[in-house]
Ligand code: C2E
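Shown next as structure tokens: one chain only, the form predicted on its own.
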């Protein structure tokens, strides 16, 4: 509004654009201009430029968090997690740069890097004589809904020489259910390749159980919110136990994330959970540390 939000029509138009960008992704709402929006938009633009340069200079790296078979105590897989490591050693969390990448063309480049590097690294570990494990990667919604996703995955597998059974694609419930029919089509195409499919953050949405009938998933990740206080919260335990039983009836494996102590591990093992992930076993770590983890885990 003139003159409150600007001294000229040009100012008002610019400020309206800032408000529009700040409300990006929100539907059915009114977003009014605030002076702080300017700094936020400019800051994100600068971050986007820096991120584009970081991709060109190979400053993106994958860290890996181990997944453990609760029946044997052996490592059965890792989840690949993106990190931006600047030349001075500063590590920038994906929580900072991934949302900015998702609002630009950069998220596609990041997803391609994660897919190809994850496959390459897993095949390298196999060649080095380490045990065969499943490499889990995540796709952003914009990439998962691309029509050539199957081709991209096939090419990454072919280029690395990794067998499809050692690759797993993790999808959040929100991502999978945003367009159910298309999601199922994409998932079936990936299953045809032999790739495993996991649903992440399971139990945080509203339609989880009803879609277990139709989604061709091979693994359910029980959300950490159910695990955090499972040793004291009987309702959380009953929910987790029920989900595990339902998953088993559908021949779907289960993994609990966010395990931080042996009591939680013991409870989940008794409940019939197949696998576990969390700080009890290890934080996300670079490839060299995972190789040390392999060697230590082999002694168990």
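Please read these numbers as outputs of a predicted model, since none were measured by experiment. Numbering follows the first chain given and starts at 1.
Missing here is the form predicted together with the ligand; even so, the following discussion is about that form.
- Among heavy atoms of residue 94, some come within 4.5 Å of the ligand in the model of the complex.
- By the criterion of a heavy atom within 4.5 Å, residue 189 is excluded from the residues contacting the ligand in the model of the complex.
- With a 4.5 Å cutoff on heavy atoms, residue 265 does not count as touching the ligand in the model of the complex; it lies far away.
- The shortest heavy atom separation between residue 83 and the ligand in the model of the complex is within 4.5 Å.
- Out of the listed residues 139, 125, 226, 166, 139 is the one that sits within 4.5 Å of the ligand in the model of the complex by at least one heavy atom.
- Note on contacts: among 69, 59, 260, 233, the single residue with a heavy atom within 4.5 Å of the ligand in the model of the complex is 260.
- Residues 131, 291 and 294 are none of them found to lie within 4.5 Å of the ligand in the model of the complex, as judged by heavy atom distances.
- Exactly one of the stretches 149-157, 117-125, 177-185, 193-201 approaches the ligand in the model of the complex with heavy atoms within 4.5 Å, and it is 193-201.
- Scanning 270-289 for heavy atoms within 4.5 Å of the ligand in the model of the complex gives 278, 279, 284 in sequence order.
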